[in-house]
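To begin, one chain is listed below as structure tokens, in the form predicted alone.
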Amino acid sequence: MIGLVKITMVKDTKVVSFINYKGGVGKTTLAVEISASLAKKGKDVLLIDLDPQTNATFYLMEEKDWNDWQENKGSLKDLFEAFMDGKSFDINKAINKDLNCSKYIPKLHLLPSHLELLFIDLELASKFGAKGMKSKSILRSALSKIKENYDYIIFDCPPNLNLVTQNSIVASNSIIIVAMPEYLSTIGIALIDRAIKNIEKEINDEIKSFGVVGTFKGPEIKGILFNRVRYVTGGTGYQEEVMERVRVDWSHLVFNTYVSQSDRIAQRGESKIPIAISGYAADKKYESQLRECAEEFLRRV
């Protein structure tokens, strides 16, 4: 009699960085709202706030709750500090699985940021240097312990390409660039593309220097998502002109959907309930936009 062989299925976790070199484009808003939309669809989602401004954290947590959490459970700052000190860190303990919105979307979890994360880049560069694998693969290594618990891990990155952001790039499969339909918001797209290629080359050169067989493949840019488009039906003449120029240069990457400018979306951070799940009648048209963006995100990523 032939015995049965147990087959263990490994979850194909998608790790995605939401990036723009320019601040103020609404990157955090869309990282949170799309994470919430995915969780509403039944996906297991971990949102990781890499920005020392902690906006994604405070979108989902009260400041008092965050303060208690980071003191007793830890935050992203503690993960990096533990690595620099050669200590272990229980990343699972620092993940908040009981958010204000958890009664609506229990599958959305958050690894909160910390204001002092602002100094981590300098400390990493000082201790390990600005180049090489060691200072850029901290998140990739940490996530290997919990990755299989999630369908999607989403990074909300700071508006720069420093070492913390580079850690997200090394850990990711995919990149989503959030942009406003204006010139200064879009000129960083090519810069981000070059940065990914440079990091990939740098790490592969280091691998070769050790005589190790194998290569590192960086993440792919899977989409450019326009945010704060003036009207629900489209942009102003200038906005439409900018979006068309980006479509010409990056035709296969521009989302067919977009998110229009709205004070309703901006207010969600105060209520700690993402608009994608609020259910309020006044939110319906924006909820619909975000749902369509999440659907396209799923197809692209």
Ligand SMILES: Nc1ncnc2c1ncn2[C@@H]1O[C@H](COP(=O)(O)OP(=O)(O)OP(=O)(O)O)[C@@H](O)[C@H]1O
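This one's a predicted model, so the numbers in the text were calculated from it and none came from an experiment. The first residue of the shown sequence is 1; numbering continues from there.
The same protein has a further form, the form predicted in complex with the named molecule, not shown here; the description that follows concerns it.
Student: Test of understanding: in the predicted complex, would Lys136 fall inside 4.5 Å of the named molecule by heavy atoms?
Tutor: No, no contact at 4.5 Å.
Student: With a 4.5 Å heavy atom cut-off, would you call Gln239 a contact of the named molecule in the predicted complex?
Tutor: Looking in the predicted complex, residue contacts with the named molecule do not include Gln239, since no heavy atom lies within 4.5 Å.
Student: Decide whether Pro219 counts as a contact residue for the named molecule in the predicted complex under a heavy atom distance cut-off of 4.5 Å.
Tutor: No, Pro219 stays farther than 4.5 Å from the named molecule in the predicted complex.
Student: Just checking whether Lys22 would be counted as a contact of the named molecule in the predicted complex - the rule being heavy atoms within 4.5 angstroms.
Tutor: Taking the distances in the predicted complex, the answer for Lys22 is yes, it comes within 4.5 Å of the named molecule.
Student: Please tell me which of Ser185, Thr165, Ser172, Asn227 lies within 4.5 Å of the named molecule in the predicted complex, judged by heavy atoms.
Tutor: Contact residue from the list: Asn227.
Student: Pick the stretch from 239 to 247, 34 to 42, 47 to 55, 271 to 279 whose residues have a heavy atom within 4.5 Å of the named molecule in the predicted complex.
Tutor: Every other range fails; the passing one is 47 to 55.
Student: If we check the named molecule in the predicted complex, which of the residues in 23 to 49 reach within 4.5 angstroms of it by a non-hydrogen atom?
Tutor: Sequence-ordered list: Gly23, Gly24, Val25, Gly26, Lys27, Thr28, Thr29.
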